[in-house]
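We begin with a single chain expressed as structure tokens, specifically the form predicted on its own.
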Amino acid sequence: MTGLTVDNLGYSYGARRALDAVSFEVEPGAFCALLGPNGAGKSTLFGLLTRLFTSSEGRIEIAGHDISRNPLAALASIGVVFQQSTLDLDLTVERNLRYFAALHGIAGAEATRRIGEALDRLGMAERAKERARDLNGGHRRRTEIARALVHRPSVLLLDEPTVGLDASARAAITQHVHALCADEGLTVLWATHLTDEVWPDDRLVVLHRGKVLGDGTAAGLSKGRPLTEVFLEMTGGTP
């Protein structure tokens, strides 16, 4: 069973083709970078993966669940971090996670335990009582990732999770999520337009103008050359 399967997926906004026969699989416990320039179709794909909208073209399977046939089970298997922050800035870190836990029917001592575990994983336990608005950008992102783990998903989707962060914060977030794959066996799809967030051993899917241009490991696709250089050649633009 794969962690995530996208098979011949297509989507259009009127006459504009956003995704065209997109197919790839991510094995359980793998970190897969979805690399593409702005406008490549990454956010459209995430919209379909999270059921924000649907398509009659192709198939999506998450943790063995077909999203069109069994959407509740499929969606229960994913944690999501969207490009735009969705934290309640007036609540503490802990309260943000507790509210999310309640939405999943998790309360009381069980919620407290899971929140503690999630914050520990992201190095945020000492900031549990701080208000979200008082955190820097990197710690807000860590909070959102911790929140996405409270219901123990098997697949984590992150859409441009480091947008607006400085280089140090970006590197720290990338490190934390790679560790989740290695230590927890979490399947990760990480959408980005930044090649320095992709590690050589990562699974890499290159998306451009709604089509998959490359699918393999980052090292395999770059063949010893700088990934940025290869990416620019493939897409004919600026990452």
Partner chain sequence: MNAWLTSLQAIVTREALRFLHQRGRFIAALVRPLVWLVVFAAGFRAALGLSIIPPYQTYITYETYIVPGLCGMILLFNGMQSSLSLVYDREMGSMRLLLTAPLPRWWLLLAKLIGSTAISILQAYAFLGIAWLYGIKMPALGYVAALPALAIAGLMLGALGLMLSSFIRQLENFAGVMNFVIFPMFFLSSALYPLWKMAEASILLHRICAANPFTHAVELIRFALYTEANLPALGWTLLATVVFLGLALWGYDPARGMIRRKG
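Positions refer to the first chain, counted from 1. Note that this is a predicted model, so its numbers are computed, not measured.
What comes next is about the form predicted in complex with the partner chain, which is not displayed.
Considering the partner chain in the predicted bound form, the lone stretch of 122 to 130, 135 to 143, 165 to 173, 68 to 76 in range is 68 to 76 [heavy atom distance within 4.5 Å]. Interface membership of A109, defined by any non-hydrogen atom within 4.5 Å of the partner chain in the predicted bound form, is ruled out. At least one heavy atom of H104 is located within 4.5 Å of the partner chain in the predicted bound form.
Of the heavy atoms in E117, none are within 4.5 Å of the partner chain in the predicted bound form. None of the heavy atoms of K211 is located within 4.5 Å of the partner chain in the predicted bound form. Note on contacts: among P200, G64, G39, P28, the single residue with a heavy atom within 4.5 Å of the partner chain in the predicted bound form is G39. Contacts with the partner chain in the predicted bound form, taken as any heavy atom within 4.5 Å, map within 64 to 102 to L72, L75, A76, F82, Q83, Q84, S85, T86, D88, D90, L91, R95, Y99, F100, A102.
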